[in-house]
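This document starts with one chain, in the form predicted alone, laid out as structure tokens.
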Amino acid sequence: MENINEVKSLLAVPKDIVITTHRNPDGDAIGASLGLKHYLDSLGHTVKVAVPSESPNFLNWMPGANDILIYDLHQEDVKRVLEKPDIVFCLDFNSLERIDKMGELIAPLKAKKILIDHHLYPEPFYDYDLHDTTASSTSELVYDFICLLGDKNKITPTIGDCLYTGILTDTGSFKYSTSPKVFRLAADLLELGVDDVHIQNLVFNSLDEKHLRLIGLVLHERMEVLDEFRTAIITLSKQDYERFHISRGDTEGLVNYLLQLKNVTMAVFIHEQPTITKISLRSKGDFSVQEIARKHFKGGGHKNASGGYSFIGLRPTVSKFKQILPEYQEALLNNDQ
């Protein structure tokens, strides 16, 4: 991070700080945000976490989760905290478009904006940045940020719980985007007192009955395997959402089941919501789904995990996706998993 001493000077005296992250925040977005909040709290700053929309219920156990302001639910409260902050930390997103209406509130602020992120192609809306596309997660980068400020000794078990959760979820339990560094970091957090088994249980073993039944439906009735493209697709319609009372977070991780198939290189989850159809893409090996998301579905992300959307409905979106597959057939078939 360039100009780390300037950032250190900014944080030397108490400030009003807002931390925000992308719409539909996942484990990394919430873990990084809360981990950073607890650290900044310890320095005497006044810190609020404000996000565009709700996060999955399985993250509600995290210390400070109940104090997060959600724009969709508390617009006036979010507008109030964004009136005159001194600093805005932007975590786990590379464009103000990723935070929807909140981006319009943050863009004109005189507050210093600090980006901490690992996504490709960040737009230049920030004053300072810690940006590394090789990082496993933004939570890893928040850990690095604290260390760069010389405050590794201020990382408490509470901060560690948050950051470990972010790393755990964004790496798919240390299956993706790993490195020797991230394992050393995880070891540091365990030595600090983080209970990894307990967190694994809270994150992965706390499903509602409807969630398990939804997994059964998706794998039995909504899965299509396209052998000629080494691709598997699952879909959910608006009617499925109503039938199973699907709420935010219930579909988390569904797409990853497809990657367990031996000959599948790319996994795709296309799901229809009231006004938008979303597409989640995952891949094995060197095959990049980031280009597909960016070029065809107004999205982006990482090489092995990206997403996008369309406004044309479920079936047309599935058809569109299948129509572009021949463009990537050779790469899919030749991918070294």
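All figures in this text were calculated on a predicted structure; none of them were measured in a lab. Residue numbers here begin at 1 and follow the sequence given.
Unshown form predicted together with ligand 5GP; subsequent notes refer to it.
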| query | finding |
| --- | --- |
| Any non-hydrogen atom of Ala305 within 4.5 angstroms of ligand 5GP in the predicted bound form | yes |
| 4.5 Å heavy atom contact, Tyr309 and ligand 5GP in the predicted bound form | yes |
| is_contact(Lys48, ligand 5GP) in the predicted bound form, heavy atom dist at most 4.5 Å | no |
| Partner proximity in the predicted bound form: Lys113 to ligand 5GP, non-hydrogen atom cutoff 4.5 Å | no |
| Partner-facing stretch of 34 to 42, 48 to 56, 62 to 70, 291 to 299, counted where any non-hydrogen atom is within 4.5 angstroms of ligand 5GP in the predicted bound form | 291 to 299 |
| Interface residues of 66 to 85 toward ligand 5GP, as seen in the predicted bound form [heavy atoms, 4.5 Å] | none |
